[in-house]
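Only one chain is shown below, in structure tokens, and it's the form predicted alone.
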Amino acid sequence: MITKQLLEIKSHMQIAEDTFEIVLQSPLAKELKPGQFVHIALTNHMLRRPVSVAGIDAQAETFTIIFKIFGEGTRELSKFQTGDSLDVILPCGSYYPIDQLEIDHAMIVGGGIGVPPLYYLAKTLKENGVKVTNILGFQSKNQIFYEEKFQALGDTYIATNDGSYGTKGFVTDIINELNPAFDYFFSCGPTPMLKAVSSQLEGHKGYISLEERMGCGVGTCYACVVPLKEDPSKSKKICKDGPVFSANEVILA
């Protein structure tokens, strides 16, 4: 059940350029699954901010979120400190249905601020005995985060748009170069990246997670609908039916 809580910030730190990690404490932390998000209210902002979950600590009853400053709302969020409290709705949205899949080898493909939920996913897959190969894309070296954490889970390859670290180019360049064998791919990031990855991996089984602006975040305002491939006259709500969809389920604008 989705619940509104006032949660204490247990830690708050900058981990890359304009990118911050916050750990929040909640008895619902253990209920958050890979792919889900929380919806955060900020003073003087009418709409809440959806932020994906990057990990949980069930024993400590904490969960981690990572966000990048994109506007005034996320800039305000970056100014919070350890000990402050946030108004949060959780758990929100769908999750990667890994418990229903037979996977020996998963390919993780993330871009920018789409990387955090994939860390929680890759960590869970690893704990379940699944081999993971991680392919991550960032704009430049100073925006890279969690590289060592991903390396601890499996082979990890980094692409930067400007070539300041790793492969110069995009995650699709690395996929093309490696041509790895895998059972399922899981991807999250900007829509152009998801379109390119889905097109390149057409015919493979996989799941994508959409990053879109939301209104209510709980499926009542219809501000974040996405048309279905099998019938574009029909749509699903990203906030409630997603953000995780089968790779061939929706039309990416």
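Note that residue numbering begins at 1 and tracks the sequence as displayed. None of the values given here were measured: they were computed from a predicted structure.
Absent from the display: the form predicted in complex with a small molecule. The rest refers to it.
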Among 159-167, 179-187, 72-80, 123-131, which stretch has residues with heavy atoms no more than 4.5 Å from the small molecule in the model of the complex? 72-80
With the small molecule left out of view, choose which of A196, A29, I66, V226 has a non-hydrogen atom within 4.5 angstroms of it in the model of the complex. I66
Can you check whether G55 is within 4.5 Å of the small molecule in the model of the complex, heavy atom basis? no
I'd like to know whether I113 contacts the small molecule in the model of the complex, with contact meaning heavy atoms within 4.5 angstroms. yes
With the cut-off set at 4.5 Å between non-hydrogen atoms, does L201 touch the small molecule in the model of the complex? no
Is there any non-hydrogen atom of L47 lying within 4.5 Å of the small molecule in the model of the complex? yes
